[in-house]
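In the form predicted alone, a lone chain appears below as C-alpha cells.
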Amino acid sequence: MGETSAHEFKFLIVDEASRGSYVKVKDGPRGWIIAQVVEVTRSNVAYSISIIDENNSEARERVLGLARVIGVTTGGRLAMPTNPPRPGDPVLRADAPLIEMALGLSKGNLYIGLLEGHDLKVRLEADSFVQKHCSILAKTGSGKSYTAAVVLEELLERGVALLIIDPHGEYASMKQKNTKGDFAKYDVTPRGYDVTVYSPANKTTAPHADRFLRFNGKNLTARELSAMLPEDVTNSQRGVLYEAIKILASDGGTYELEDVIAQAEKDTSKAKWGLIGHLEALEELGIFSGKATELGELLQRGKASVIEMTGVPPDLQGMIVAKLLSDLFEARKRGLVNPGMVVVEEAHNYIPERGSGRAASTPVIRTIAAEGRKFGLGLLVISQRPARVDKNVISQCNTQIILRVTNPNDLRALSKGIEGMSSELEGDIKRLPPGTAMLVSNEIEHPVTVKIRPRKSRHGGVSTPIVGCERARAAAGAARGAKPGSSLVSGTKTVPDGGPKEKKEASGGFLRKILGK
C-alpha cells in the first residue's frame, strides 16, 4: 500500500506478522521479492485525539508493517531489486526454502541455533569461519561463553584443532555431556569432547590440571625473552637484558633463566632492577622448569587444548600468551603443527585497545589476525567489553556473533569495527534477550537473529549464587543451634541497637571465613 521503493514498502497486515519475520511479494514472472518486517504499527482513526467519536461504530483498527527488501530471487539466486513491488499486490509469508536460499543458511555445516521465529537451522561454513576469523561480543550475563562453547563443539565435530586461552576455567567442563536443555526442539544430542587442560602454574595452584604448560628454558635468546616482557618495559631495561644474554651466549655453554637473572644483577645500570623483577616473576611461576610442552601436542585434530590461567598473575598471563602464540605461529608457518584455531576468551585483557591498557600478547595476536589465514591459523576472540578490544583485530573478523550489548561506548565500538552496522541494528542488539544473538557474516546475505541451540557439553561458566549461598549458610547455622542474631562473619555479633560487638579470636579468622578456609 502507498508509495513503495526497491528498498522498502509498507503493507496492510490482515493476519499475524511480527517484527523480524520474513515476507514475499511476487516480482512479475521472474520470481519473488523477499523482505524482512522491521516495524509493525497499529492505528485507529476513530481514536485519534482530534476526532474522537464515541458513537462511531464503524471504526476499524489497522495494522501496518514496514518491510525492508533483502533481494529478488531469480533462477535460484538472490539479486538486487531494480523495480519496487506494485501497490495492491498481496504480501505473503515467506516459506522456509525461500528464506534459506535468500539468507544463505543452507550451505553451511556449523549448526549454531534456530532462526528467531522459525524452525530453520542457522549454519555457518566451517572453512570460512576458521580462516576468516570470528568475534563473539556481549555484555556480562548475555551468554557469550555459552555461545562460544556451542561454536567450539561444532568445530571439534568437524575435526578442527583448538587452542583455548581460558582465564577463568570455563571450558574444562566440555569433557562432560550436558543434562539441561530442550534437546528435542533443537535436534541436539548431548555428549562430551576430547579436552585437555594445561596450566602454566604449578601443581599447588592448579591441582585439577591434566598437564602443565612448560617452555624450553635453555639458551633463550634476547628476542624470545623480550617478547614476554610487558610493553611498558623501558629501552634501558631491554638493553640490560640484551647485554646479559650476549655475555652468556659468548661463553658457548648452556644457560637458563636463573643465569640470565644472575648476569643482569652484575650490570651497573639502575634500570636492571625493574627487569629483574619481571624475570624473577617468570622464574617463580615455573614456566621454564621441567620438560617443555611439545607444540604439536597443543594442536591436534578434533581435540581442544585449554590453557587455563587460574592462579597465574594477570601481568604474567600476557607474557605467557605472547610466548606461546609466537612459537605456535612460527611452527605453523613452517608446517610443523596442524592447522587450527586459537580462541582468546576475555580478549580485552590480551589485546586491549590503545588507551585501555597494555599487554605483551597484543603484537602476536594482531599478526595472527592479519596473516593467520595464509597459514591456516584462525582466530576467535571473545569479550564482554567490545570498546576495550583492539579495533584492528575486530575489523579482521569476517563473522561477528553479537549478543546483548547496552553500554553506549561498546555500541560505538561495534559501529566502528563492524562493516554495515546501522542504527536499526544497534537498536536490535540492545533489545536482544539472553541466549539470542545477532549474526553478522560475509557468508550470510543479511544480519539474522538466532536462538542459540543448547550445548551438547556441560556449561562451566554458571555464576556462583551469593544471596542463596548466604541463606543456605544461615539455615545450616540454625540447624547447628546458632543463637539468633549471630553474624555469618566470625568475630561479630549483632546486638539490639544494631552495633557490632567484637569478639577476640585468633588473628586471621575474618580472612579465613571470607576465603572459605
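Start at 1 and count along the sequence shown; that's the residue number. Nothing here was measured: the structure is a model prediction, and the numbers come from that model.
Unshown form predicted in complex with a small molecule; subsequent notes refer to it.
- This chain is displayed without the small molecule, yet in the predicted bound form the stretch 137-145 from 84-92, 296-304, 103-111, 137-145 comes within 4.5 Å of it by heavy atoms.
- For a residue to qualify, one of its non-hydrogen atoms must sit within 4.5 Å of the small molecule in the predicted bound form; all three of 170, 384 and 459 qualify.
- In the predicted bound form, the small molecule sits beyond 4.5 Å of every heavy atom of residue 256.
- Although the partner is absent here, residue 34 lies well away from the small molecule in the predicted bound form, with no heavy atom inside 4.5 Å.
- With a 4.5 Å cutoff on heavy atoms, residue 448 does not count as touching the small molecule in the predicted bound form; it lies far away.
- When the small molecule is considered in the predicted bound form, residue 435 lines it closely, a heavy atom lying within 4.5 Å.
- Listed residues 283, 410, 346, 154 were compared with the small molecule in the predicted bound form; 346 is the one with a heavy atom within 4.5 Å.
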